[in-house]
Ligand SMILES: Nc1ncnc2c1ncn2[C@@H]1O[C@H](COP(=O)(O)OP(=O)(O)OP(=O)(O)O)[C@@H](O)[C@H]1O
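First comes one chain, alone, set out as structure tokens in the form predicted alone.
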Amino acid sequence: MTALVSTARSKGRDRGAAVRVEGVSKRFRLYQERNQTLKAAMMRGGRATYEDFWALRDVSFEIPTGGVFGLIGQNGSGKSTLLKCMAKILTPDEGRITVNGKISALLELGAGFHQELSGRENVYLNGSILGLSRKEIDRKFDEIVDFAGLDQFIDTPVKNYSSGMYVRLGFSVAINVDPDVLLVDEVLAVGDEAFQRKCDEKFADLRDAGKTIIVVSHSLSTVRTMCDEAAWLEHGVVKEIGVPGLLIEKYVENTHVERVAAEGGGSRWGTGQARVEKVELLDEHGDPVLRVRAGAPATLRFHYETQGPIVKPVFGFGIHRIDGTHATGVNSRETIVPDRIEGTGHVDFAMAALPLVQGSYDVTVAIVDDSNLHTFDYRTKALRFDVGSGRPREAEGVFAIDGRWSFES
């Protein structure tokens, strides 16, 4: 996989730079006290108090033509500001950005829509904002509507659209501008599953056509899968540029913050006759941790307390990635169902090798009776933990499938 990425990246460089960012800095003013009235202005001598905030500071890099380039970093690191500077929505205070070719930005889908106009009228309005002539929109109109899947509603005012329909139409207009450089800011997951597949195919078509795509996303798996190269921004400064897999690993290690399971972070319901009072993740030494490596031994421990004897209880848990993806669900019914429990104790689920890939996960836990008709306790987000890179190192998706490769010629 790494060899393929390196080849794609070197081919992009052979075609020259699509975007060149040279010493770019962007400053905003943060006002402590504004002059809201004439009296306030006169008392302060006409001056409002503020301080300068540098969202970007001396940012420089080149993006090769035909590649997919990612920008990662925490909130406030300057990713979206940099994208808006590339799109000429914002002007840098220092430095310059050179873009070779036509540029289109998927920043705020449907930002140019007028609520009282129909979908048809908004296609022409939004298309003109993105730089298309009327003849170009005429030529692309059927393709835009078909891509959005809104043939039946295209003459309905967009104020009556659902949020999904609204976003799909905005995305369809922007994606069909046929740009040389496409800027994408956190809008990759739009619409339902069928529309998402169409979006993925469209991005693949653009990439195959030699277009340059620049992606800002908090979904590290998206950046790892899509991008040939990525830049890590921190407090407006480029911390590092490199191959996505290795860069993301460094980023996650650097930004990891030890967590405690917050009471009330999720929902809870049940009769309360038995309750899971605490959930722990134990490492191979039996010590409670909030971070383990993929493929390492780990144990989930559930501490319970009952109000009286509970006959044949069944413990179960589910693990979800924090984007909501259901990773797995397991219960003790097929392995061990004690005749009864009473008072306090704990139940362990031991894993010889944690099969989850790098990321953050939430644990939901439940105690039910053997017939599954009575729920004593059901608690979501009882624990959040992180999985760091481990074995296999470059796994993607949810599960880290370990195994052995062999080759025979």
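Bear in mind that the values here come from a model prediction, so they are computed numbers and not experimental data. Quick note: we count residues from 1 along the sequence shown, nothing fancier.
The form predicted together with the named molecule is left out here; the points below concern that form.
In the predicted complex, the named molecule sits within 4.5 Å of a heavy atom of residue 77. In the predicted complex, the named molecule lies farther than 4.5 Å from every heavy atom of residue 352.
Residue 134 falls outside the set of residues with a heavy atom inside 4.5 Å of the named molecule in the predicted complex. Residue contact with the named molecule in the predicted complex: residue 55 places a heavy atom within 4.5 Å of it. Exactly one of the stretches 326-334, 78-86, 158-166, 276-284 approaches the named molecule in the predicted complex with heavy atoms within 4.5 Å, and it is 78-86. Exactly one listed residue, out of 218, 139, 197, 114, brings a non-hydrogen atom to within 4.5 Å of the named molecule in the predicted complex: 218. For the residues 361, 28, 378, 61, the 4.5 Å heavy atom test against the named molecule in the predicted complex is passed only by 28.
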